[in-house]
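Only one chain comes next, encoded as structure tokens, the form predicted alone.
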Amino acid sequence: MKYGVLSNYIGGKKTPSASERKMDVFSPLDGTLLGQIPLSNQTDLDAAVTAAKSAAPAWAAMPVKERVQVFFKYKNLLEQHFDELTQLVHEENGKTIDEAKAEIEKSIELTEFACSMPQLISGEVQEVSRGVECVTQHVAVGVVASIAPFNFPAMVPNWTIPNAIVLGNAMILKPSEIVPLSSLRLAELLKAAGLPDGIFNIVNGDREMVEAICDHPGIDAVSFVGSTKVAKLVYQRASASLKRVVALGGAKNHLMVLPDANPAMTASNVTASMSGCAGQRCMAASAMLGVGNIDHIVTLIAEEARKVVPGKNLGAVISAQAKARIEDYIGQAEKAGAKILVDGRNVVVPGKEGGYYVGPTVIDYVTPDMSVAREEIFGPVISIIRVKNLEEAIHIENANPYGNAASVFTQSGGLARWVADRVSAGMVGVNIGVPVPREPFSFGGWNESKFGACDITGKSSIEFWTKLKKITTKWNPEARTNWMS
């Protein structure tokens, strides 16, 4: 085992688990054993909550301008350890090196945004009546928990770590049990940056730990990123324990391609959106709605897809189970009458025969009732659905239960705006295959892609990670009074 037996991280140090349950961690690249993590229990979580509760008051009492200094140093450490963090993401998730680099670059950007918090939460002051002044303050929620997925081992934890902690909270992170390495290294960098012990803690675990976090009376807020099925359960369970919750789920993102779309740009964007991160991202293009005659663009998409080579510029999927599930979806579509233009099944990468790879797959003439058209595949697969007009495309997009993202490819500004105004999605792109907002704009979908209020990043996250205090003051008794004063 390259990384040996891993521990939790509680109170500023590596802490062995009280649980005897363990789990092996494998690299999707070649199936090698990377290490072993504990599947923690209630005793471990209690210890993390105790450490967080003990450290939280002093941290929250510090001026935000002092708290943010830790994250200026943390940003510098992310930059200094860029190559090391990139390699960790590559090994444990199976991303290509370039995709892993992009993930660390995004983590740096997220930290930069958190460093701007002193300007964003300065509060409002107004004389609301003669001699009476109202002031607002953003106050930390307390002890918060972040439950992260496997597909972005560094970026998604950094969706929550910098903002939540800069705003005065103490955090408990439960990384995906499949990809624990990056999170543990982030904990060490936060300590090196000067974060007080107990403000950031990691408890490794599986479903049992997720349920314990939802139920724990010492945790005030929970964020979650994962599948819609689990997001819904987390939202229901944690909110039933009177916690504030934001839970991000899955997606079925539609790209609407019009005949006037720029062919080369569209083919390149659609292919990159479908195959980037091996399709294992909630912003991936999963279905393409071809409006009218778009044969020339479909031909180019197939050509672009054939340039994406597993093990070279296409990473692995996370597990053997994921590979089998994705290939089963492709088989179902073929049996239902769809046409496989590019087939990514049964891929073996020379020298990495133990890895889990699915090649880029382009499926044409898919109908809306097929499973590949309705369900989240989470693999490098694009399903092309032919429609007669934009109204039909909008109907299909809005009929799906998710609402993460939608994009339209066209050279008509009027049609682009018409689509953007009508799609039921929280993030919309025009000639962009992956319409992820950059900071300070926040990430978050609609419908069954998100449960709870506020978004998880950007300015909107301030409302989630803080409570708003309103202070009304009157000092001068000689001021003229009215009904309020």
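From 1 onward, residues are counted along the sequence shown. Bear in mind that the values here come from a model prediction, so they are computed numbers and not experimental data.
One more form of this protein should be noted, the form predicted in complex with a small molecule, which is absent from this view; the next part is about it.
Listed residues F378, F71, Y356, F409 were compared with the small molecule in the predicted bound form; F378 is the one with a heavy atom within 4.5 Å.
This chain appears without its partner; in the predicted bound form, the one residue of P196, P263, G250, G142 with a heavy atom within 4.5 Å of the small molecule is G250. Only one listed stretch (82 to 90, 142 to 150, 123 to 131, 98 to 106) carries heavy atoms within 4.5 Å of the small molecule in the predicted bound form, and that stretch is 142 to 150.
In the predicted bound form, the small molecule lies within 4.5 Å of some heavy atom of G205. Mapping the unseen interface onto this chain, G311 falls outside it, with no heavy atom inside 4.5 Å of the small molecule in the predicted bound form. For H254, no non-hydrogen atom is located within 4.5 Å of the small molecule in the predicted bound form, even though that partner is not displayed.
Interface membership of V210, defined by any non-hydrogen atom within 4.5 Å of the small molecule in the predicted bound form, is confirmed.
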